[in-house]
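Let's start with one chain on its own, the form predicted on its own, as structure tokens.
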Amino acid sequence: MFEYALSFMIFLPILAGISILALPIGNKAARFSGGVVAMIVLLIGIELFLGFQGSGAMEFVENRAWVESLGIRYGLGVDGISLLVLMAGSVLFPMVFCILSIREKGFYGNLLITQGAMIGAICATDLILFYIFWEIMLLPIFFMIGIYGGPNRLPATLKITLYTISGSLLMLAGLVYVGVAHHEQFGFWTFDIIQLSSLELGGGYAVLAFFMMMIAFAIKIPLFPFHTWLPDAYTEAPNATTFVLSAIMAKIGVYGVIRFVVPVFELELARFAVLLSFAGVVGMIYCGLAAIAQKDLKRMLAFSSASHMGIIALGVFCMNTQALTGSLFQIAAHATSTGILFLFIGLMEERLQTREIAELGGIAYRAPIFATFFAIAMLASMGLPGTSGFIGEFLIILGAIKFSGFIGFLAGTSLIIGVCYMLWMFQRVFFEKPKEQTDKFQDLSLTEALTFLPVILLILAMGIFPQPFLKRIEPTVQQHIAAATNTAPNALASTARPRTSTPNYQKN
């Protein structure tokens, strides 16, 4: 792996996206160029995954001074926490350029900028650098919904804008507090996450900063009760944007909690873990019940996605190795399964001009390959054994029961809700008598089938052979949990927080 692989994965799509926006090229050329760039990023991501050693330390490190007077560095790296999130962001993007119908070149330019910024946020080891990529990542989403979205796109864009700007300002206030606290305790500025984990915080301001950071990430997850922007944004966004929002961006909210909140605010997280866990469980149940009531297929899947994000967040708040490992595994599993479900719905809408469940039926008789691939992704989303969703959900429920038997019971029960509405939807859309719109529904073309096939195989491989994925994330998770859980009890007793081991950087 070459020395600047991570920088290349970040800035190649960003520069390509800006070039597509600036140059006078056609829509087809923009789509082709974007697809080539996404494939190059994917190939680098695969090489990075295969070369990842899984020692628990940061690998593929890039660390340069940037704003030395404030201790801000251009720091990048990958460890067991970020590896699968990074892979999800690399594997899924090429599909958008291959599957859905051709759009304006501006759409593809914004899509590439989003991918580069997301990879930057995932790989950043400096809190300020993470914040910058976080903000860059949000801007193209506003344009893609506001310009290319559905008939009610402007109210949806306004709502998501208000939510995300509020969250960003809270995050900025929280990270400034963390930087100032480090300067007061150690006499120098830094926003490096490894050094920030040595902070000894306490008191009301620490709690306030903790909730500022948590609300910012909770909006992005989205965690109950900060989820109300999601149904409108997912419904009005173009299908490719909904795919990006659900498959990748929501996961970065959870990733931010694991990467930045757990090591810095472990005392506050321990104090409010039960409250946050209940928020995750309530979100699972509420969004699951809301999904049952939906008549629009895409809106139903939006609530389903929010429900599943609740269980991923619950795994983080339980603060034990099984639950956190399950959450990280489930991030990749949910990204692949729900991501391609949104793409399937996009294809369905393009061919039928409707997403109303009542107007669909009998698709399995007309398009068996489409129905089979959809069923595999849906079963993974439900957590069926043999698919990727089972491993993550099993580990999270196991960890939740260790944390609290009652919360674990509620989490397990809420999953049954998901199974019910998914099977009910599948029976109506794919097996009832064909309707007028679906009677001539075309099956996947060879190109479409070959595009979906690698992700379908990945869903099955992660479910049947999970160990190659788990062994790469478990060492980092064990270090992360050991540092947090060994510190929190002592800190709760004395309000001081002696630190144990912290991850090291490993130069490749």
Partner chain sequence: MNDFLSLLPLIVICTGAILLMLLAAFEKSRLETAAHLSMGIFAVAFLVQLLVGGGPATAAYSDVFNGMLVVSDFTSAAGLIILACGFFTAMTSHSYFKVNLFCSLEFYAVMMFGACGMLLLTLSQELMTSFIALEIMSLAIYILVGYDRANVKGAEAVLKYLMLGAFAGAFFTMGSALIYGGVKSTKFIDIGTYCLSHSATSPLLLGGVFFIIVGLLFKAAAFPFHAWVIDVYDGASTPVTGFMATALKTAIFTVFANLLAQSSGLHGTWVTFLFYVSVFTMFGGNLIAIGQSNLKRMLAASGIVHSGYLLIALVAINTEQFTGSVIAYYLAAYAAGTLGMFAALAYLGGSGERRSTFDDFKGLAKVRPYSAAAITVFLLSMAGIPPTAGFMGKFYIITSAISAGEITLAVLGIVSSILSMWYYLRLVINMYFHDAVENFETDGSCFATAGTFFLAACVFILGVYPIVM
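Every value quoted in this text rests on a predicted model; they were computed, and no experiment measured them. Residue numbers count along the first chain shown, from 1.
Note that the form predicted together with its partner chain isn't included here; everything after this is about it.
Scanning Ile416, Leu169, Val274, Ala358 against its partner chain in the model of the complex with a 4.5 Å heavy atom cut-off leaves one residue, Leu169.
The single contact residue among Ala293, Ala375, Leu423, Leu139, judged by any heavy atom lying within 4.5 Å of its partner chain in the model of the complex, is Leu139. Residues with any non-hydrogen atom within 4.5 angstroms of its partner chain in the model of the complex fall in just one of 343 to 351, 284 to 292, 393 to 401, 188 to 196: 188 to 196. For the three marked residues, Phe143, Thr157 and Tyr205, a heavy atom of each sits within 4.5 Å of its partner chain in the model of the complex. For Ser69, a non-hydrogen atom is located within 4.5 Å of its partner chain in the model of the complex, even though that partner is not displayed. Its partner chain in the model of the complex is approached by Ala173, whose closest heavy atom lies within 4.5 angstroms of it. Although the partner is absent here, Ile147 sits close enough that one of its heavy atoms falls within 4.5 Å of its partner chain in the model of the complex. Although the partner is absent here, Ile128 is a contact residue: one of its heavy atoms lies within 4.5 angstroms of its partner chain in the model of the complex. For the partner-free chain shown, nothing in 318 to 336 comes within 4.5 angstroms of its partner chain in the model of the complex, judged by any non-hydrogen atom.
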